[in-house]
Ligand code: SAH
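A single chain comes next, written as structure tokens; it is the form predicted on its own.
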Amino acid sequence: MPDKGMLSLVGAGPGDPDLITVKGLRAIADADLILYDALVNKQLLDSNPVAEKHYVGKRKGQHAYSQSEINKLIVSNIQRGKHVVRLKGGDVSVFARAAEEIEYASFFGIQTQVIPGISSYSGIAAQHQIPLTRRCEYESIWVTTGHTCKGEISEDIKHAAQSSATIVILMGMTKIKDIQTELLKYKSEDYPVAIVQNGTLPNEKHHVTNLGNLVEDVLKHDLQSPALIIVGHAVVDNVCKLVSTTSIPQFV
């Protein structure tokens, strides 16, 4: 009988391979099989040159495996005694379908560990010195998908637009016109928006605009998926704005 296998769900971070956790790297190094997603930096796979690696990513219109097939692949290999690492971009708990894989594995009594990662929504914002919250001004964050599993714009965008929260939209580029239309029902045309494509990577592109010019600027600057959309005054309230030669604190 083979040794008992296990499942590790590992968050790979927003893109830069240096932004994975130490614990995540240890899990990769210990793996017998690594099932990795589209937004995982492939440099991380070099941390374990002997493990099997299978790409199981999903991009619009391009699915290497269905979710059902991924679930079965995980379980069949673990039942053969393998340590399977399911390597996902960002954090495993944010739009990563981790719940489905954990639930399926639990039906077979499989030992599972979850290793968090830096989510793209927080990691990319931090890299650009965008404070998603600010005391006494915008004190919450609304993180939502741009489209639902039915391919429609998320209803949460409407609710988020009526709040003072910083709005962060993942997977929203295909619905950018609908998102602009919905947000303009509740926000002014000069309301700030930032778009970051391929955040934290060498080929990153980013642009700061406003709701009125959002779709026009997306086309003008050829901004495409994968991209993060950040909406709110946090976009222009960064460190560069806060510090000036007339407001440098004096330390005694």
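Since this is a predicted model, take the numbers as computed values, not measurements. Counting begins at 1, following the sequence as shown.
Same protein, other form: the form predicted in complex with the ligand, not shown, and the subject of what follows.
Heavy atoms within 4.5 Å of the ligand in the predicted complex map, among the stretches 116-124, 71-79, 154-162, 175-183, onto 116-124 alone.
Although the partner is absent from this view, D91 contacts the ligand in the predicted complex, with a non-hydrogen atom inside 4.5 angstroms. Proximity of G212 to the ligand in the predicted complex falls outside the 4.5 Å heavy atom cutoff. By the criterion of a heavy atom within 4.5 Å, N41 is excluded from the residues contacting the ligand in the predicted complex. Taking the partner from elsewhere, M171 is found to have a heavy atom lying within 4.5 Å of the ligand in the predicted complex. Contact with the ligand in the predicted complex, defined as a heavy atom within 4.5 Å, holds for exactly one of L9, I20, L228, V235, namely L228.
When the ligand is considered in the predicted complex, only one residue from W142, Y104, F95, Y138 comes within 4.5 Å through any heavy atom, namely F95.
Counting a residue when any of its non-hydrogen atoms is within 4.5 Å of the ligand in the predicted complex, the hits in 184-200 run V196, Q197, N198, G199.
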